[in-house]
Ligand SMILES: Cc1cc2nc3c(=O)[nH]c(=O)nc-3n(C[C@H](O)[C@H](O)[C@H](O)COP(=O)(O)O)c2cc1C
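Single chain ahead, written as C-alpha coordinates, the form predicted alone.
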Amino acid sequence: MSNWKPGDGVKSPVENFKEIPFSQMEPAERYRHLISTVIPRPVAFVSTVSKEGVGNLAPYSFFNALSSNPACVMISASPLGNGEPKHTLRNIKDTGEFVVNFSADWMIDVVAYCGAAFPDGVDEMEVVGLTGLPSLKVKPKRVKESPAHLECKLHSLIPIGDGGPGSTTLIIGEVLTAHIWSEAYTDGRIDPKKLSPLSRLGGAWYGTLGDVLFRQIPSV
(Lines give C-alpha, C1' and ligand atoms only; values in the text may rest on other atoms or scores of the structure.)
Protein backbone atom coordinates (compact mmCIF):
# COMPACT_ATOMS: atom_id res chain seq x y z
CA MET A 1 0.00 0.00 0.00
CA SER A 2 1.41 3.34 -1.05
CA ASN A 3 1.66 6.12 1.54
CA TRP A 4 1.90 8.82 -1.13
CA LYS A 5 -0.10 12.03 -0.68
CA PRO A 6 -0.36 15.21 -2.75
CA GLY A 7 2.75 17.33 -2.37
CA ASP A 8 5.09 14.39 -1.77
CA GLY A 9 6.34 14.36 -5.36
CA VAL A 10 7.58 11.12 -6.90
CA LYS A 11 10.77 9.20 -6.23
CA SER A 12 12.13 8.41 -9.69
CA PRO A 13 15.34 6.82 -10.99
CA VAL A 14 15.26 9.11 -14.04
CA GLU A 15 18.13 11.59 -14.29
CA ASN A 16 19.70 12.08 -17.72
CA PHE A 17 18.07 12.09 -21.17
CA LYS A 18 19.15 11.27 -24.71
CA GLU A 19 17.80 13.63 -27.36
CA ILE A 20 16.29 11.81 -30.35
CA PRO A 21 16.12 14.17 -33.37
CA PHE A 22 13.00 12.79 -35.09
CA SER A 23 12.94 15.59 -37.67
CA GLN A 24 16.39 14.53 -38.94
CA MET A 25 15.69 10.78 -39.16
CA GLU A 26 14.60 8.59 -42.02
CA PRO A 27 11.04 7.23 -41.69
CA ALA A 28 12.19 3.69 -40.85
CA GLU A 29 14.39 4.96 -38.02
CA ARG A 30 11.61 7.18 -36.67
CA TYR A 31 9.26 4.21 -36.76
CA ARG A 32 11.69 2.02 -34.82
CA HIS A 33 12.10 4.62 -32.09
CA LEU A 34 8.39 5.44 -31.96
CA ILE A 35 7.18 1.87 -31.49
CA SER A 36 9.86 1.27 -28.85
CA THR A 37 8.74 4.31 -26.86
CA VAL A 38 4.94 4.22 -27.12
CA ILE A 39 4.44 0.98 -25.19
CA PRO A 40 2.51 -1.10 -24.45
CA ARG A 41 0.08 -0.95 -27.37
CA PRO A 42 -3.02 -3.16 -27.59
CA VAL A 43 -3.11 -5.47 -30.58
CA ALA A 44 -6.22 -5.44 -32.75
CA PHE A 45 -6.64 -8.63 -34.79
CA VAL A 46 -8.70 -7.15 -37.63
CA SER A 47 -10.89 -9.32 -39.83
CA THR A 48 -12.28 -8.03 -43.11
CA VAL A 49 -13.82 -9.42 -46.29
CA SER A 50 -12.98 -8.36 -49.84
CA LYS A 51 -15.69 -7.35 -52.29
CA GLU A 52 -15.14 -10.79 -53.85
CA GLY A 53 -15.93 -12.41 -50.50
CA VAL A 54 -12.38 -13.49 -49.49
CA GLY A 55 -11.57 -13.12 -45.81
CA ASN A 56 -8.49 -11.39 -44.41
CA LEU A 57 -7.03 -11.25 -40.91
CA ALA A 58 -4.19 -8.99 -39.80
CA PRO A 59 -2.78 -7.61 -36.51
CA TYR A 60 -2.52 -3.87 -35.86
CA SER A 61 -0.82 -2.33 -32.85
CA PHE A 62 -1.44 1.26 -33.95
CA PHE A 63 -4.90 0.84 -32.47
CA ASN A 64 -7.04 2.34 -29.72
CA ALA A 65 -10.44 3.61 -28.60
CA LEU A 66 -11.47 7.12 -29.63
CA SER A 67 -14.92 8.04 -28.35
CA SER A 68 -18.09 6.68 -26.77
CA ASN A 69 -20.76 8.80 -28.50
CA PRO A 70 -20.59 7.45 -31.09
CA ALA A 71 -18.48 4.53 -29.89
CA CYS A 72 -15.45 4.61 -32.18
CA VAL A 73 -12.11 2.87 -32.44
CA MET A 74 -9.18 3.54 -34.74
CA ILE A 75 -6.51 1.53 -36.51
CA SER A 76 -3.64 2.90 -38.55
CA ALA A 77 -2.84 1.12 -41.84
CA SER A 78 0.45 1.99 -43.50
CA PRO A 79 1.01 0.99 -47.15
CA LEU A 80 2.89 -2.12 -48.16
CA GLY A 81 6.54 -1.90 -49.19
CA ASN A 82 5.52 -1.50 -52.83
CA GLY A 83 3.25 1.43 -51.96
CA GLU A 84 0.02 -0.51 -52.43
CA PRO A 85 -2.61 -0.36 -49.68
CA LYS A 86 -2.77 -3.27 -47.27
CA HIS A 87 -5.57 -5.77 -47.79
CA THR A 88 -7.28 -4.56 -44.61
CA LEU A 89 -7.54 -0.97 -45.84
CA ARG A 90 -8.58 -2.00 -49.34
CA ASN A 91 -11.32 -4.26 -47.99
CA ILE A 92 -12.63 -1.62 -45.60
CA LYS A 93 -12.74 0.94 -48.40
CA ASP A 94 -14.68 -1.50 -50.59
CA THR A 95 -17.13 -2.82 -47.97
CA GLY A 96 -17.16 -0.32 -45.10
CA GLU A 97 -16.98 -3.12 -42.51
CA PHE A 98 -14.49 -4.79 -40.17
CA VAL A 99 -14.24 -6.64 -36.88
CA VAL A 100 -11.68 -5.96 -34.15
CA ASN A 101 -10.84 -9.26 -32.46
CA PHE A 102 -8.88 -8.62 -29.29
CA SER A 103 -5.61 -10.49 -28.90
CA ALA A 104 -4.89 -12.55 -25.80
CA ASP A 105 -1.63 -14.03 -24.55
CA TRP A 106 -2.68 -17.49 -25.75
CA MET A 107 -2.82 -16.10 -29.32
CA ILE A 108 0.72 -14.70 -29.60
CA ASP A 109 1.95 -17.20 -32.20
CA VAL A 110 -0.94 -16.73 -34.63
CA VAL A 111 -0.87 -12.95 -34.14
CA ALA A 112 2.81 -12.80 -35.07
CA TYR A 113 2.34 -15.20 -37.98
CA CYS A 114 -0.55 -13.21 -39.46
CA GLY A 115 1.64 -10.09 -39.50
CA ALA A 116 3.42 -11.48 -42.58
CA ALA A 117 2.66 -10.11 -46.05
CA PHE A 118 0.45 -12.85 -47.45
CA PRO A 119 -0.43 -12.90 -51.17
CA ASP A 120 -3.73 -11.49 -52.33
CA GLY A 121 -6.64 -13.89 -51.97
CA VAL A 122 -5.30 -15.74 -48.91
CA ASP A 123 -7.61 -16.08 -45.91
CA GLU A 124 -5.24 -16.01 -42.93
CA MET A 125 -7.95 -17.23 -40.58
CA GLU A 126 -8.10 -20.51 -42.48
CA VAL A 127 -4.32 -20.75 -42.93
CA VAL A 128 -3.58 -20.58 -39.19
CA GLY A 129 -6.54 -22.75 -38.19
CA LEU A 130 -8.66 -20.22 -36.31
CA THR A 131 -12.42 -20.64 -35.99
CA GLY A 132 -14.63 -18.11 -37.72
CA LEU A 133 -17.91 -17.09 -36.08
CA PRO A 134 -20.67 -15.24 -37.95
CA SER A 135 -21.07 -11.60 -37.00
CA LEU A 136 -24.48 -10.06 -36.32
CA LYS A 137 -24.15 -6.68 -38.02
CA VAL A 138 -21.31 -7.04 -40.54
CA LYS A 139 -20.02 -9.63 -43.02
CA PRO A 140 -16.47 -10.25 -41.70
CA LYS A 141 -16.26 -13.20 -39.34
CA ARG A 142 -15.24 -13.01 -35.70
CA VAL A 143 -12.40 -15.09 -34.24
CA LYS A 144 -13.78 -17.59 -31.73
CA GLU A 145 -10.42 -17.94 -29.98
CA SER A 146 -10.39 -14.21 -29.19
CA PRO A 147 -11.94 -13.12 -25.84
CA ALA A 148 -13.69 -10.03 -27.26
CA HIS A 149 -14.91 -8.72 -30.62
CA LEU A 150 -16.09 -5.34 -31.87
CA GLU A 151 -18.21 -5.31 -35.01
CA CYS A 152 -17.55 -2.01 -36.79
CA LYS A 153 -18.75 0.01 -39.73
CA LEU A 154 -16.50 2.58 -41.37
CA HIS A 155 -16.91 6.06 -39.91
CA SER A 156 -14.11 7.89 -41.71
CA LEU A 157 -10.70 7.59 -43.34
CA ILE A 158 -8.00 10.18 -42.67
CA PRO A 159 -4.81 10.05 -44.79
CA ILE A 160 -1.68 11.15 -42.94
CA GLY A 161 1.53 11.98 -44.79
CA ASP A 162 2.32 12.11 -48.50
CA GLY A 163 1.64 8.44 -49.25
CA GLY A 164 5.32 7.50 -49.10
CA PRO A 165 7.22 5.49 -46.48
CA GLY A 166 5.97 6.20 -42.98
CA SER A 167 2.63 7.56 -44.18
CA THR A 168 -0.61 5.96 -43.09
CA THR A 169 -4.38 6.02 -43.30
CA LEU A 170 -6.27 6.43 -40.05
CA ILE A 171 -9.29 4.13 -40.15
CA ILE A 172 -12.05 5.16 -37.74
CA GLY A 173 -14.79 2.61 -37.18
CA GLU A 174 -18.06 2.97 -35.31
CA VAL A 175 -18.74 0.02 -33.02
CA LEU A 176 -22.14 -1.52 -33.80
CA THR A 177 -22.03 -4.35 -31.29
CA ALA A 178 -19.54 -6.04 -28.99
CA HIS A 179 -19.07 -9.65 -27.93
CA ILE A 180 -17.29 -10.42 -24.63
CA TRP A 181 -16.26 -13.86 -23.42
CA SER A 182 -18.92 -14.68 -20.82
CA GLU A 183 -16.36 -15.77 -18.20
CA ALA A 184 -14.78 -12.31 -18.36
CA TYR A 185 -18.09 -10.46 -17.96
CA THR A 186 -19.82 -10.27 -14.57
CA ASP A 187 -22.48 -7.83 -13.35
CA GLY A 188 -21.81 -5.43 -16.20
CA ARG A 189 -18.05 -5.37 -15.55
CA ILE A 190 -15.23 -6.78 -17.67
CA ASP A 191 -12.42 -8.58 -15.84
CA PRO A 192 -9.09 -7.52 -17.45
CA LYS A 193 -7.30 -10.53 -15.96
CA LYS A 194 -9.65 -12.93 -17.75
CA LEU A 195 -9.13 -11.14 -21.06
CA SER A 196 -5.35 -11.70 -20.71
CA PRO A 197 -4.61 -8.96 -23.27
CA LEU A 198 -1.56 -9.18 -25.49
CA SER A 199 0.35 -5.95 -26.09
CA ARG A 200 2.98 -4.96 -28.60
CA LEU A 201 6.31 -3.52 -27.53
CA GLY A 202 9.28 -2.50 -29.66
CA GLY A 203 10.71 -4.77 -32.35
CA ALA A 204 9.53 -8.36 -32.05
CA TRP A 205 8.69 -8.03 -28.35
CA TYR A 206 5.22 -8.51 -26.90
CA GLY A 207 3.90 -8.03 -23.39
CA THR A 208 1.23 -9.57 -21.18
CA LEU A 209 -0.96 -7.94 -18.55
CA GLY A 210 1.33 -8.47 -15.56
CA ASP A 211 0.35 -6.76 -12.30
CA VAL A 212 -3.02 -5.02 -12.20
CA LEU A 213 -3.03 -1.82 -10.14
CA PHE A 214 -6.18 -0.09 -8.86
CA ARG A 215 -6.39 3.67 -8.23
CA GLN A 216 -9.56 5.73 -8.20
CA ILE A 217 -9.51 9.31 -9.49
CA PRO A 218 -10.28 11.55 -6.49
CA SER A 219 -12.59 14.56 -6.32
CA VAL A 220 -10.45 17.67 -5.81
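What you see is a predicted model; the values in this text were computed from it and never measured. Note that residue numbering begins at 1 and tracks the sequence as displayed.
FYI, the form predicted together with the named molecule isn't displayed, but the following is about it.
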When the named molecule is placed as it is in the model of the complex, which of 69 to 77, 94 to 102, 146 to 154, 128 to 136 ends up with heavy atoms within 4.5 Å of it?
-> 69 to 77
Residue contact check: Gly173 to the named molecule in the model of the complex, 4.5 Å heavy atom | no
Contact between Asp123 and the named molecule in the model of the complex at 4.5 Å, heavy atoms?
-> no
Non-hydrogen atom contact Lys86 with the named molecule in the model of the complex at 4.5 angstroms | yes
Non-hydrogen atom contact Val111 with the named molecule in the model of the complex at 4.5 angstroms | yes
Heavy atom contacts to the named molecule in the model of the complex at 4.5 Å, residues of 131 to 145 in sequence order = none
